[in-house]
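Taking the form predicted alone, here's one chain by itself in structure tokens.
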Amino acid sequence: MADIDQDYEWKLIVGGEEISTSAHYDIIDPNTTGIVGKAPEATVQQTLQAAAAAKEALPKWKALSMDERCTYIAKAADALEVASAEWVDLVQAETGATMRIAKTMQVAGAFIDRFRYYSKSFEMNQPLTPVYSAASALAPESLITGNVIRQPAGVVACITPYNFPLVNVAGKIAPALAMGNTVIIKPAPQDPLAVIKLGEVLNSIFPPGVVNVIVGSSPDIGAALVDSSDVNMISFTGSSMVGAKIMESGGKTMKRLLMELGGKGALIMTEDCDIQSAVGGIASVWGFHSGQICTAPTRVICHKSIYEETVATLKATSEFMTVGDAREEGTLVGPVITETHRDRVESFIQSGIDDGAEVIVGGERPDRDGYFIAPTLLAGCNPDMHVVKEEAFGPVVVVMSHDGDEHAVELANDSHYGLFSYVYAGNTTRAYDIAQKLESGNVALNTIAPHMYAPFGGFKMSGVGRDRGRWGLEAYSEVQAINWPS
């Protein structure tokens, strides 16, 4: 394990103050099962104090112009770019990310880019076209004009997942703060330490109470934020099951919601597609962060005429997916986050075997310490299998065949998820036609690469609302229409 200060006291951040806790819990390195550090265990009372502090700070913060708020965000981006360079070992120890992912994506890349993007002020107001209003019992004849403006939602609780802790936090708080909201960050319990470091930097820049950080392993902490009348909005990334509970509980106080939930990405391959390109795309995400990514194309739906070649090419590609300690040079697939999650992914694989799927590669547990799973390819699958229907969130790919574009669309849409799908076809026109028939918030054509500023979110059980780009600002706002006689 990396040389990380075991005596460092990790604290909560509430109302501009760093707060000690009486209880702590261990953060485990999934590579070695060693202890990375002891995270602070917040109480429900401390959680509610954070909500109250954010509410108290809200009036002054939202009274600033967007230009003034963006100046703070730009300062934060500069400070984080310097400070986070020392966090790579910590993030890698917490998340189990390979060195390449830790350096280029967990700590750099999108993490800082989110702050840079939202440090530029946007024009959020929209004038209304004047309309004639006839005389009535309400008012005399007049020409009515007006303006539509965006107001901040208020206090936003940002509840984030474990796979990309810093990137997910940045993607929530940067637009929320730019829009004039105050925030409470609640990171995933598995890897909160780098997020606390982020909070320390932000706490030195923003006014007290604008950014608060609450950490805890108990679900009572998140529940307290959802139930609190001081919290106006929940921005959550995580499982569909938890998202549904948030919707139910948040309805009592009419919480505004932005939720990016589970996915079971379909990748359609037509008979005339470039098989090597499609398999290259699948393979690039198959073991990426050990499959712990919601946009992964884990359901391969290829035309029956290229089925055998696709499976054989995937099998050959898997030989280059080296499993090992994430710190070792050459490792492409590191561990999953916890022992519990490893067991869950293995149960998915076993369910596929029990249902009649053929294990082409993987399916076994590597003989080493840590929470490792071999990249697994299951062929001969059908849409009724549990492993096909549900998100494994691990390095598991299932393959089905189709007999034409309409059948492929039918198979792809036979899911209660709809986050990110992919189409590989011989020409873009055909791929675009297929994409429009997919029940999916995002579709990529002949590529795995997303557009980082396109609206991001899902259909069906994959979420509510959209973030990224301008849509990210709108997600953290309320729409207000103001009209008057011209």
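Here the structure is a predicted model, which means the values were calculated and not measured. The first residue of the sequence shown is number 1, and the count goes up from there.
Not pictured, yet referred to below: the form predicted in complex with a small molecule.
- The three marked residues, 418, 437 and 446, fail to reach the small molecule in the predicted bound form, with no heavy atom of any inside 4.5 Å.
- Proximity to the small molecule in the predicted bound form, defined as a heavy atom within 4.5 Å, holds among 77, 110, 273, 242 only for 242.
- Distance criterion of 4.5 Å from any heavy atom to the small molecule in the predicted bound form singles out 161 from the list 154, 161, 250, 146.
- Contact with the small molecule, judged by heavy atoms within 4.5 Å in the predicted bound form, is confined among 95-103, 221-229, 173-181, 204-212 to 221-229.
- Taking the partner from the other structure, the small molecule in the predicted bound form has no heavy atom within 4.5 Å of any heavy atom of residue 118.
- The small molecule is not shown here, and in the predicted bound form it never comes within 4.5 Å of any heavy atom of residue 394.
- By the criterion of a heavy atom within 4.5 Å, residue 188 is counted among the residues contacting the small molecule in the predicted bound form.
- Proximity of residue 237 to the small molecule in the predicted bound form falls within the 4.5 Å heavy atom cutoff.
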